[in-house]
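First, one chain by itself in C-alpha coordinates, the form predicted on its own.
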(Lines give C-alpha, C1' and ligand atoms only; values in the text may rest on other atoms or scores of the structure.)
Protein backbone atom coordinates (compact mmCIF):
# COMPACT_ATOMS: atom_id res chain seq x y z
CA UNK A 1 0.00 0.00 0.00
CA UNK A 2 1.31 3.41 -0.99
CA UNK A 3 -1.32 5.40 0.91
CA UNK A 4 -1.85 5.40 4.66
CA UNK A 5 -5.16 6.63 6.07
CA UNK A 6 -5.46 7.56 9.73
CA UNK A 7 -8.95 8.53 10.85
CA UNK A 8 -9.44 10.96 13.72
CA UNK A 9 -12.78 12.02 15.20
CA UNK A 10 -14.13 13.86 12.15
CA UNK A 11 -11.16 14.17 9.80
CA UNK A 12 -8.36 11.97 8.52
CA UNK A 13 -4.67 12.19 7.68
CA UNK A 14 -3.79 10.73 4.27
CA UNK A 15 -0.06 10.05 3.93
CA UNK A 16 1.69 9.17 0.68
CA UNK A 17 3.96 6.29 1.66
CA UNK A 18 6.48 5.91 -1.13
CA UNK A 19 9.37 7.62 0.58
CA UNK A 20 12.20 6.05 -1.41
CA UNK A 21 10.63 7.39 -4.63
CA UNK A 22 9.99 10.78 -2.96
CA UNK A 23 6.29 9.87 -2.86
CA UNK A 24 6.00 10.12 -6.64
CA UNK A 25 2.62 9.51 -8.25
CA UNK A 26 2.21 6.47 -10.44
CA UNK A 27 -1.07 4.89 -11.53
CA UNK A 28 -1.24 2.74 -8.42
CA UNK A 29 -0.70 5.67 -6.06
CA UNK A 30 -3.34 7.73 -7.87
CA UNK A 31 -5.78 4.84 -7.58
CA UNK A 32 -5.08 4.41 -3.87
CA UNK A 33 -5.62 8.13 -3.25
CA UNK A 34 -9.01 7.91 -4.94
CA UNK A 35 -9.94 4.85 -2.91
CA UNK A 36 -8.98 6.63 0.32
CA UNK A 37 -10.98 9.75 -0.59
CA UNK A 38 -13.92 7.58 -1.61
CA UNK A 39 -13.79 5.86 1.78
CA UNK A 40 -13.81 9.21 3.59
CA UNK A 41 -16.71 10.49 1.49
CA UNK A 42 -18.76 7.42 2.38
CA UNK A 43 -18.06 7.87 6.10
CA UNK A 44 -20.61 10.43 7.31
CA UNK A 45 -18.46 11.33 10.32
CA UNK A 46 -15.57 12.50 8.15
CA UNK A 47 -15.59 16.20 7.24
CA UNK A 48 -11.96 16.86 6.33
CA UNK A 49 -8.67 15.39 5.14
CA UNK A 50 -5.04 16.42 5.62
CA UNK A 51 -2.74 15.18 2.84
CA UNK A 52 0.97 14.86 3.45
CA UNK A 53 4.00 12.80 2.40
CA UNK A 54 6.12 10.29 4.28
CA UNK A 55 9.52 11.48 5.44
CA UNK A 56 11.18 14.88 5.52
CA UNK A 57 12.38 15.25 1.92
CA UNK A 58 9.20 15.29 -0.12
CA UNK A 59 5.49 15.89 0.02
CA UNK A 60 5.41 14.51 -3.50
CA UNK A 61 8.12 14.96 -6.12
CA UNK A 62 5.67 14.62 -9.01
CA UNK A 63 4.36 12.06 -11.44
CA UNK A 64 6.50 8.97 -11.85
CA UNK A 65 8.79 9.74 -14.82
CA UNK A 66 9.57 6.08 -15.44
CA UNK A 67 5.89 5.34 -16.02
CA UNK A 68 5.63 8.12 -18.61
CA UNK A 69 8.58 7.07 -20.75
CA UNK A 70 7.49 5.80 -24.14
CA UNK A 71 3.78 6.54 -23.80
CA UNK A 72 1.77 6.92 -26.99
CA UNK A 73 -1.14 9.37 -27.36
CA UNK A 74 -3.80 7.07 -25.93
CA UNK A 75 -1.65 5.96 -23.02
CA UNK A 76 -0.64 9.54 -22.20
CA UNK A 77 -4.27 10.65 -22.29
CA UNK A 78 -5.26 7.82 -19.97
CA UNK A 79 -2.47 8.73 -17.53
CA UNK A 80 -3.46 12.41 -17.52
CA UNK A 81 -7.12 11.50 -16.99
CA UNK A 82 -6.17 9.37 -13.97
CA UNK A 83 -4.41 12.39 -12.53
CA UNK A 84 -7.34 14.69 -13.24
CA UNK A 85 -9.82 12.19 -11.81
CA UNK A 86 -7.81 12.05 -8.60
CA UNK A 87 -7.38 15.81 -8.19
CA UNK A 88 -11.00 16.48 -9.12
CA UNK A 89 -12.21 13.96 -6.56
CA UNK A 90 -10.35 15.85 -3.83
CA UNK A 91 -11.45 19.30 -5.00
CA UNK A 92 -15.00 18.26 -5.83
CA UNK A 93 -15.81 16.37 -2.65
CA UNK A 94 -17.42 17.94 0.42
CA UNK A 95 -14.25 17.25 2.42
CA UNK A 96 -12.29 20.26 3.63
CA UNK A 97 -8.76 19.53 2.45
CA UNK A 98 -5.40 20.74 3.71
CA UNK A 99 -2.07 19.93 2.06
CA UNK A 100 0.69 19.68 4.68
CA UNK A 101 3.70 20.14 2.43
CA UNK A 102 6.92 18.65 3.79
CA UNK A 103 9.77 19.17 1.33
CA UNK A 104 9.45 18.94 -2.45
CA UNK A 105 6.08 19.59 -4.11
CA UNK A 106 6.97 19.38 -7.77
CA UNK A 107 4.96 18.66 -10.91
CA UNK A 108 2.11 16.34 -10.00
CA UNK A 109 2.96 16.88 -6.34
CA UNK A 110 2.28 20.60 -6.61
CA UNK A 111 -0.85 19.79 -8.59
CA UNK A 112 -1.99 17.55 -5.74
CA UNK A 113 -1.46 20.42 -3.31
CA UNK A 114 -3.31 22.81 -5.65
CA UNK A 115 -6.35 20.52 -5.55
CA UNK A 116 -6.58 21.08 -1.79
CA UNK A 117 -8.42 24.00 -0.20
CA UNK A 118 -5.52 25.16 1.96
CA UNK A 119 -1.76 24.65 1.79
CA UNK A 120 0.62 24.75 4.76
CA UNK A 121 4.34 24.36 4.08
CA UNK A 122 7.40 23.50 6.09
CA UNK A 123 10.33 25.90 5.80
CA UNK A 124 12.28 23.37 3.72
CA UNK A 125 9.49 23.04 1.13
CA UNK A 126 10.25 23.63 -2.56
CA UNK A 127 7.63 24.15 -5.24
CA UNK A 128 7.70 23.96 -9.01
CA UNK A 129 6.18 22.76 -12.26
CA UNK A 130 9.30 21.61 -14.14
CA UNK A 131 7.49 19.73 -16.92
CA UNK A 132 8.58 21.99 -19.80
CA UNK A 133 12.17 20.94 -19.10
CA UNK A 134 11.08 17.43 -20.07
CA UNK A 135 9.28 18.63 -23.18
CA UNK A 136 5.96 18.20 -21.35
CA UNK A 137 3.30 20.40 -19.79
CA UNK A 138 1.66 20.10 -16.37
CA UNK A 139 -1.01 17.46 -16.97
CA UNK A 140 -2.82 17.03 -13.66
CA UNK A 141 -4.52 20.45 -13.56
CA UNK A 142 -1.54 22.72 -12.98
CA UNK A 143 -2.08 25.03 -15.97
CA UNK A 144 -5.59 25.82 -14.71
CA UNK A 145 -5.46 25.71 -10.91
CA UNK A 146 -2.17 27.56 -10.42
CA UNK A 147 -3.22 30.82 -12.18
CA UNK A 148 -6.49 30.80 -10.26
CA UNK A 149 -4.49 30.85 -7.03
CA UNK A 150 -1.44 33.03 -7.76
CA UNK A 151 -2.52 34.94 -10.88
CA UNK A 152 -1.70 34.47 -14.55
CA UNK A 153 1.68 36.23 -14.67
CA UNK A 154 3.23 34.41 -11.73
CA UNK A 155 1.75 31.10 -12.89
CA UNK A 156 3.27 31.54 -16.34
CA UNK A 157 6.64 32.38 -14.81
CA UNK A 158 6.58 29.22 -12.70
CA UNK A 159 5.41 27.04 -15.59
CA UNK A 160 7.61 28.46 -18.36
CA UNK A 161 10.84 28.70 -16.34
CA UNK A 162 10.33 25.46 -14.45
CA UNK A 163 12.20 27.09 -11.57
CA UNK A 164 11.80 25.94 -7.98
CA UNK A 165 10.50 28.49 -5.51
CA UNK A 166 11.03 28.30 -1.76
CA UNK A 167 8.45 28.46 0.98
CA UNK A 168 9.07 32.15 1.66
CA UNK A 169 8.19 33.17 -1.90
CA UNK A 170 5.32 30.68 -1.96
CA UNK A 171 3.85 32.51 1.03
CA UNK A 172 4.34 35.93 -0.58
CA UNK A 173 2.53 34.96 -3.78
CA UNK A 174 -0.35 33.29 -1.97
CA UNK A 175 0.52 29.76 -3.02
CA UNK A 176 0.57 28.66 0.62
CA UNK A 177 -1.34 29.97 3.64
CA UNK A 178 1.30 29.39 6.32
CA UNK A 179 4.95 28.39 6.66
CA UNK A 180 6.14 26.59 9.79
CA UNK A 181 9.06 24.52 11.05
CA UNK A 182 8.97 20.93 9.81
CA UNK A 183 8.16 19.51 13.24
CA UNK A 184 5.25 21.93 13.54
CA UNK A 185 3.72 21.08 10.15
CA UNK A 186 1.21 18.37 11.06
CA UNK A 187 0.29 19.96 14.40
CA UNK A 188 -0.44 23.23 12.57
CA UNK A 189 -2.53 21.44 9.93
CA UNK A 190 -4.48 19.57 12.59
CA UNK A 191 -4.97 22.73 14.64
CA UNK A 192 -6.40 24.51 11.61
CA UNK A 193 -8.61 21.57 10.67
CA UNK A 194 -10.00 21.30 14.20
CA UNK A 195 -10.66 25.04 14.28
CA UNK A 196 -12.59 24.86 11.02
CA UNK A 197 -14.68 21.91 12.15
CA UNK A 198 -15.50 22.95 15.72
CA UNK A 199 -18.76 24.85 16.29
CA UNK A 200 -19.25 25.35 12.56
CA UNK A 201 -22.35 24.48 10.55
CA UNK A 202 -21.67 21.39 8.46
CA UNK A 203 -24.05 22.36 5.67
CA UNK A 204 -22.95 26.00 5.84
CA UNK A 205 -19.33 24.99 5.25
CA UNK A 206 -20.26 22.68 2.38
CA UNK A 207 -22.23 25.42 0.63
CA UNK A 208 -19.63 28.15 1.26
CA UNK A 209 -16.86 25.91 -0.05
CA UNK A 210 -18.91 24.99 -3.13
CA UNK A 211 -19.59 28.67 -3.84
CA UNK A 212 -15.89 29.54 -3.68
CA UNK A 213 -14.85 26.67 -5.95
CA UNK A 214 -17.66 26.95 -8.49
CA UNK A 215 -17.72 30.74 -8.57
CA UNK A 216 -14.33 30.96 -10.26
CA UNK A 217 -15.87 29.33 -13.34
CA UNK A 218 -18.69 31.89 -13.65
CA UNK A 219 -18.97 35.62 -14.41
CA UNK A 220 -19.04 37.68 -11.21
CA UNK A 221 -22.71 38.68 -11.61
CA UNK A 222 -23.76 35.04 -11.99
CA UNK A 223 -21.71 33.86 -9.01
CA UNK A 224 -23.08 36.68 -6.83
CA UNK A 225 -26.62 35.71 -7.75
CA UNK A 226 -25.79 32.13 -6.86
CA UNK A 227 -24.57 33.33 -3.46
CA UNK A 228 -27.85 35.19 -2.82
CA UNK A 229 -29.88 32.09 -3.64
CA UNK A 230 -27.67 29.84 -1.51
CA UNK A 231 -27.88 32.30 1.41
CA UNK A 232 -31.68 32.27 1.27
CA UNK A 233 -31.81 28.48 0.95
CA UNK A 234 -29.82 28.10 4.17
CA UNK A 235 -32.86 29.45 6.06
CA UNK A 236 -34.89 26.50 4.82
CA UNK A 237 -32.52 24.29 6.81
CA UNK A 238 -31.95 24.05 10.54
CA UNK A 239 -28.46 25.43 10.93
CA UNK A 240 -29.18 29.19 10.95
CA UNK A 241 -31.80 28.78 13.66
CA UNK A 242 -29.38 26.80 15.83
CA UNK A 243 -26.45 29.12 15.21
CA UNK A 244 -28.29 32.41 15.65
CA UNK A 245 -30.15 31.22 18.75
CA UNK A 246 -26.92 30.04 20.35
CA UNK A 247 -25.23 33.37 19.54
CA UNK A 248 -28.06 35.41 21.06
CA UNK A 249 -28.02 33.21 24.15
CA UNK A 250 -24.20 33.54 24.34
CA UNK A 251 -23.76 29.81 23.93
CA UNK A 252 -21.72 27.57 21.65
CA UNK A 253 -23.84 26.14 18.81
CA UNK A 254 -24.40 22.41 18.53
CA UNK A 255 -24.79 21.52 14.88
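Residue numbers count along the first chain shown, from 1. Please read all numbers here as calculations on a predicted model, not as lab measurements.
The same protein also has a form predicted together with a small molecule, omitted here; what follows describes it.
S.K.: What stretch, of 60 to 68, 37 to 45, 188 to 196, 209 to 217, brings heavy atoms to within 4.5 Å of the small molecule in the model of the complex?
M.R.: Of the options, only 60 to 68 has residues within 4.5 Å of the partner.
S.K.: Though only this chain appears here, would residue 173 touch the small molecule in the model of the complex if you measure heavy atom gaps against 4.5 Å?
M.R.: Output for residue 173 is no: heavy atoms all beyond 4.5 Å of the small molecule.
S.K.: Might residue 14 be said to contact the small molecule in the model of the complex, defining contact as any heavy atom within 4.5 Å?
M.R.: No.
S.K.: Within 4.5 Å, heavy atoms only: does residue 85 come near the small molecule in the model of the complex?
M.R.: Close contact is absent here: in the model of the complex, residue 85 is far from the small molecule, nothing within 4.5 Å, heavy atoms only.
S.K.: Give a yes/no on whether residue 164 approaches the small molecule to within 4.5 Å in the model of the complex, heavy atoms considered.
M.R.: It does: once the small molecule is placed as it appears in the model of the complex, residue 164 has a heavy atom within 4.5 Å of it.
S.K.: Residues 5, 120 and 123 are flagged as a possible site; in the model of the complex, is every one of them within 4.5 Å of the small molecule by some non-hydrogen atom?
M.R.: No: none of 5, 120 and 123 comes within 4.5 Å of the small molecule in the model of the complex.
S.K.: Which listed residue (149, 182, 156, 137) meets the criterion of a heavy atom within 4.5 Å of the small molecule in the model of the complex?
M.R.: Contact with the small molecule in the model of the complex is made by 137 alone.
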